[in-house]
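The chain below stands alone and is given in structure tokens; this is the form predicted on its own.
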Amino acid sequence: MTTAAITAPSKPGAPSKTRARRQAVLWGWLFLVPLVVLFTAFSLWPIVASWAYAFFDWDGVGPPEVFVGLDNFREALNSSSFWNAFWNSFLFSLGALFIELPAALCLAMLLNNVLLRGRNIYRLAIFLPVVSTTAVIGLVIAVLLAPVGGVVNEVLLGIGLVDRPVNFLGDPNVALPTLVVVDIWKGFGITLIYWLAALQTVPKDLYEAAKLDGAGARQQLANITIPVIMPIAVVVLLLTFQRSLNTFDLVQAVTGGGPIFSTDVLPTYIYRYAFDASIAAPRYGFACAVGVIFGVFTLIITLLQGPLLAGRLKRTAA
């Protein structure tokens, strides 16, 4: 004898599970619409448009009409001013990678010590420049480093380190190193936070076991701290490199790329050709071509981090 499955009738007006699931998915997509619209309008479209405009001789007014192909790219790559800005941007990155990263790691290990009193106050003080307005920082730096009446020059003259005022921001040989140091100081706090987050992933049990085995501070650093934080360190390196490459606001606020373009970086180079009033006729298409070259370079560096990260992870796992 066979029995037929009897399904209890659903209550009137009660939605089925399938209908409820569809409504939940629909509401999810509806909440995503503002994000998608804003991302498309302010991120995706500018990227696509800059690639398209790079092939035109366009001043940014009206629709682009004069197609020049790869001429903008050739002009940029053959321009000594472009390579000057490129090299200056690279110097900012070198300063961040070889000075800021190791210095921030050393200070992070000190501030990660639970026995250090007032460590949260020190963290706050170091992080304040990161959240401070760059225009304000630029104004303060210009006043402090002024050759006449500047506090730094007054101190240097007072202790006898120099016999005449140093024009930190007006001397082409000194302006770029000065801005690199200021940029390191301003970005030091965010790099410190990265390292603190990495250090807090190290299990405390490993240190306790190492102490029981008689390992000293150097041995713990070499055999525990560095191997454990290495995967995160590669990410920190990548983030710091990308941030240092995009130094625009500080240079624009303090020197504007001068004197004699000695502090010109690729972002200020692009800005000058696209928006600066010092250019007789804006060259928006040329600026877009330089931006594309800059973006491709940054993308290549980012992709090269993949094999490096994978290799570090394998060594750490081994």
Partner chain sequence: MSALITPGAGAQAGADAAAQVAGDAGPPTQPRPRARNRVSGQARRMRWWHLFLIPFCFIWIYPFLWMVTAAFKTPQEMLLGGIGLWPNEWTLDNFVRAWTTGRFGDYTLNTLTFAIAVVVIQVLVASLAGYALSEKTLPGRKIVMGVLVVAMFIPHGYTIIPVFQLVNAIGLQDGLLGAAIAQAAPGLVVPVLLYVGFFSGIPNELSEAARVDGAGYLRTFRSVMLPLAKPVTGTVVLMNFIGAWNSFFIPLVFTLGRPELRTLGVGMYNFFGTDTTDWTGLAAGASIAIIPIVIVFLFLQRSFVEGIAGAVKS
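Positions refer to the first chain, counted from 1. Note that this is a predicted model, so its numbers are computed, not measured. Take the two forms, find the largest set of C-alpha atoms that superpose within 1.5 Å, and that set is the rigid core.
Not on display, but discussed next: the form predicted together with its partner chain.
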If we test each of Ile226, Ala210, Val174, Val140 for a heavy atom within 4.5 Å of its partner chain in the predicted complex, the one that passes is Val140
| For the spot marked by Val136, Gly149 and Val235, is every residue within 4.5 Å of its partner chain in the predicted complex through some heavy atom? | yes
Check whether Ala281 has any heavy atom within 4.5 Å of a heavy atom of its partner chain in the predicted complex, and answer yes or no.
no
Checklist entry - Could you tell me if Gly216 has a non-hydrogen atom within 4.5 Å of its partner chain in the predicted complex? => result no
| message | Test of understanding: in the predicted complex, would Leu161 fall inside 4.5 Å of its partner chain by heavy atoms? | response | no
(message) Residue-level contact is defined here as any heavy atom of the residue lying within 4.5 Å of its partner chain in the predicted complex; does Asp57 satisfy this criterion?
(response) no
Taking its partner chain in the predicted complex and a 4.5 Å non-hydrogen atom cutoff, the residues of 28-47 making contact are Gly28, Trp29, Phe31, Leu32, Pro34, Leu35, Leu38, Phe39, Ala41, Phe42, Ser43, Leu44, Trp45, Pro46, Ile47
Compare the position of the CA of Val33 between the shown form and the other one after a rigid core fit and state whether the shift reaches 2 Å.
-> yes
Determine, after fitting the two forms on their core, whether Thr298 shows a C-alpha shift of 2 Å or more between the shown form and the other one. no
